[in-house]
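Presented as C-alpha cells, the chain that follows is alone, the form predicted alone.
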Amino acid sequence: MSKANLSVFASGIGSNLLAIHNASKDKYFPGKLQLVICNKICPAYELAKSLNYETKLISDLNIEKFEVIVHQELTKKKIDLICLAGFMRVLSPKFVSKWKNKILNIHPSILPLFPGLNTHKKILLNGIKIHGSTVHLVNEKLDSGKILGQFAFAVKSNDIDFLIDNIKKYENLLYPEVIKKYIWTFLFKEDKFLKYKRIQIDDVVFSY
C-alpha cells in the first residue's frame, strides 16, 4: 500500500504527535511519519526522539532562516503533508504558498470563533457554552483556512483544566481521522472517502 510521507511540527507536550504515531501503526493508515520538527526543546521533542523518528531542533533563528532550513529538510525527506501539532510559530505567507494545500493545523476552538491564542480563557470569559477544536488547512491568514473537521462539547464547568483535558483527549481522536481522510481524498484522489461523517463519542459530536 502506497503511503504519504508526513512531517509533524510540534512545540508542546506532543499528545497529537503521539496520536498520529499510534494511528500510523495501522497498516491501513495512508501516511507514514518521516520527520518531526521542533522549534524548541519540549516534551514533544523528547517524545519524537524516544520513538526513534528523525527529529530536527531548529531554533533561535529569524523566520526566513528557519523556513529555509525547514524547507530543505522537508524536501530531503520527500514530505507530502505537514501536520502542525501545537506548533507555536507562525509560518510566513511565502512558506505557506510554497506548501499550498499541504499543511494542516489543529486549533483549540470551533473556528471561526477565537483564532489565535488563549482560546480556553476566551471561552470562559465570554460565557460560551460550546467548546471544541478544528482541523483546517493552513493559508496566509491565521487560523482561517478551509475547515476539514471539528468536534464540539458542552461547557459544563468553569474549570479551565477540565476544558484543556477534554480538548486534548478528543483532539487525539479527531486529528488522525482528518489526516487520513485528507490523504485519501486530496493526495490520492480516492473519491470513495469523500463521504461526510458525523459521529458522537460520549457527549462529544465529531464532524469531518
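Predicted model only: the values in this text are computed from it and were never measured. Residue numbers here begin at 1 and follow the sequence given.
There is another form of this protein, the form predicted together with a small molecule, and it is not shown here; the text below is about that form.
Contact with the small molecule in the predicted complex, judged by any heavy atom within 4.5 Å, is made by just one of I103, I110, I106, I123: I106. Only one of 168-176, 154-162, 57-65, 28-36 lies within 4.5 Å of the small molecule in the predicted complex by heavy atoms, and it is 168-176. In the predicted complex, the small molecule sits within 4.5 Å of a heavy atom belonging to I13.
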